[in-house]
Ligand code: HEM
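What follows is one chain in structure tokens, specifically the form predicted alone.
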Amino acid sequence: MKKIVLIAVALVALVSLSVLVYGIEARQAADVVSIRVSDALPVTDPHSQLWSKATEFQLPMGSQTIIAPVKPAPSVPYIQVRSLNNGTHIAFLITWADSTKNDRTVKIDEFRDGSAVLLGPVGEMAVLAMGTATIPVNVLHWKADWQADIDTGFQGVESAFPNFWVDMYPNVIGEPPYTLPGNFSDAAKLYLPGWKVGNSFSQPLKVTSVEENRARGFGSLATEQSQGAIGRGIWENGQWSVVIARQLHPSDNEDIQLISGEKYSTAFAIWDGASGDVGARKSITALLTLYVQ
């Protein structure tokens, strides 16, 4: 009888251990691992062969019903994420299906496609609330319209209304039709206040399609003064492939430092312009764990 009891206890322990291991593996399967490589990262090349060295994680997307404007149902069921780092920089490749390319926001009813990566300390429930006053988070936001500004030139009124005409444009150089920024003088900034005061949304000369933000709670998302993130997005055959990259150890004290061998909280968001996504109206993943190999 004693032998039978010991065998039964051993079996229970074995089953419990199996369940525990399976649970750990299941949680690990939902995490994102940034694979360490020795090469320069493909920070502007979504099609680089180097991405084959990174593990692909398929992440389900959910609705955003906490903060207005809400999104009751996600626009895409899931996204694919890969990540690489080389000891100095980290890069994410995010791909998702999108039948329409939305990369212009000139008219009031136009909305962009976009994607974002949230980075924060691991194990902090405050990260679920976009951080707090004492636990800030970083958000790297890629924007399709900024990408179009870089690839094809700044999109102004003339891109939405190609036949528009004005009698006089103060301090502009050349003749109509006027385009930005090639034939605009520095004095023209006086008549373009957003550009003059440094509003990142008004800059005609884009150097990156990724905006670095920090947040200290719901509704506190703000553009960082120092911008160091880079990336590139390509839309083809009904799919976006977007790279978002930044330094592991930026000098900006607003950014979270990413240390090799450590874990961090992360989440991903997708905006579908065709669905009218803007601001908080987006598709989101659960809060995940990022391991920097």
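Numbering starts at 1 and runs along the sequence shown. Quick caveat, the model's predicted, so the values are computed rather than measured.
Here the subject shifts to the form predicted in complex with the named molecule, a form of this protein not shown in this document.
Please identify, from 41 to 49, 242 to 250, 63 to 71, 257 to 265, the stretch that has a heavy atom within 4.5 Å of the named molecule in the model of the complex.
After filtering at 4.5 Å, what remains is 63 to 71.
When you measure heavy atoms, are R112, G219 and W271 every one within 4.5 angstroms of the named molecule in the model of the complex?
Looking in the model of the complex, the three residues R112, G219 and W271 all sit within 4.5 Å of the named molecule (heavy atoms).
Given that the partner is absent here, does L84 sit within 4.5 Å of the named molecule in the model of the complex, heavy atoms only?
No, L84 is distant from the partner.
Partner contact for V117 in the model of the complex: the named molecule, 4.5 angstroms, heavy atom:
Yes, V117 lies within 4.5 Å of the named molecule in the model of the complex.
Please determine whether H89 contacts the named molecule in the model of the complex, using a 4.5 Å cut-off between heavy atoms.
H89: no contact with the named molecule in the model of the complex.
Give a yes or no for G276: in the model of the complex, does one of its heavy atoms lie within 4.5 Å of a heavy atom belonging to the named molecule?
Because no heavy atom of G276 falls inside 4.5 Å of the named molecule in the model of the complex, the answer is no.
Heavy atom within 4.5 Å of the named molecule in the model of the complex: which of L93, I79, V139, A148?
If I apply the 4.5 Å criterion carefully, the residue I get is V139.
With the named molecule left out of view, which of V122, I135, A160, L128 would have a heavy atom within 4.5 Å of it in the model of the complex?
Residue within 4.5 Å of the partner: L128.
Would you give me the residues of 272 to 286 that have any heavy atom within 4.5 Å of the named molecule in the model of the complex, in order from first to last?
Result: V278, G279, A280, K282, I284.
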